[in-house]
Ligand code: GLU
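Okay, here we've got a single chain as structure tokens, the form predicted alone, with questions on binding and movement later.
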Amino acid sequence: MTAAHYRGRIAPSPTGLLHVGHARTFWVAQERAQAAGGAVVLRNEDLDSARFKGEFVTAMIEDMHWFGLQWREGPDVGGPFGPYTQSERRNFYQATFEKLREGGWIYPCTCSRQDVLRALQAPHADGEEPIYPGTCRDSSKFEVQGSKLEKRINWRFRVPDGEAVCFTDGGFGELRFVAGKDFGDFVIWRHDDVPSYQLAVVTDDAAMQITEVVRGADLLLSTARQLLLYRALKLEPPAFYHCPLMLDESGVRLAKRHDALSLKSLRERGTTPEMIRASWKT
């Protein structure tokens, strides 16, 4: 399989039960792959060790099979670009980290999230990384030996302040975000020695030759960050297609805490996959 063929991916995190919002996004990913005559890859994004639970891995695979999702490669079936579980891919992430460090794209930062929030003295979007004020951009004050520091630190990617990051999204059209305004220097390796979401997905999507990323609209800003990583690493980025988020009856975005709308709960109440898919069209 070469990059000339369509390769999509489904990449759930086993931190809770999958809900109908996940199902809709994953179904769109499968439909787009099928329309292009391509393949879908399943990737288990289990880097969040604080929230990851083994039973959720079993549950998500069971729920996705029940819903009618199919994949050609994945942790349960193997494939030429494995392993397909992120916790088993640390050597890939370390190699990406070293490329960024050697290229001068990243710097060590001792600021905690609370330090950043206190420095900003301004609200930010829930769940979104606050815009970093640049406190540790002058990394010359640190004595770096290899890729290690004596102090526990985060490593941040230095964004080109004022540069517009533009891309055409398959779902939302032409989009433009400004580095330093819409997002700041972002973490690529955490102080607890875990690669960030941004670094891990860029590494994996490139290594697995993903040609289109289908995911929720809550990750539009992450796409701007990731495009900068692709450029720094001299990698060709995939196309992107972001799906609108599903909301509950009160207009709040669905989350894994919405147990009543989890696929497992719906299945136990006798709801069928066909009934769920039909509800999207009404």
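Treat the numbers as computed from the prediction; the structure is a model and nothing was measured. Quick note: we count residues from 1 along the sequence shown, nothing fancier.
Note that the form predicted in complex with the ligand isn't included here; everything after this is about it.
Establish, in the predicted bound form, whether Ser13, Arg215 and Leu219 all lie within 4.5 Å of the ligand, using non-hydrogen atoms for the distance.
Yes, because Ser13, Arg215 and Leu219 each have a heavy atom that approaches the ligand to within 4.5 Å in the predicted bound form.
Counting non-hydrogen atoms within 4.5 angstroms of the ligand in the predicted bound form, say which of Tyr197, Trp71, Tyr132, Trp155 makes the cut.
In short, Tyr197.
Go through Val187, Ile106, Ile210, Val201 and name the one with a heavy atom inside 4.5 Å of the ligand in the predicted bound form.
Of the candidates Val187, Ile106, Ile210, Val201, Val201 is the one lying within 4.5 Å of the ligand in the predicted bound form.
Taking the ligand as it sits in the predicted bound form, which residues of 35 to 63 have a non-hydrogen atom within 4.5 Å of it? Please list them.
The one in contact is Glu45.
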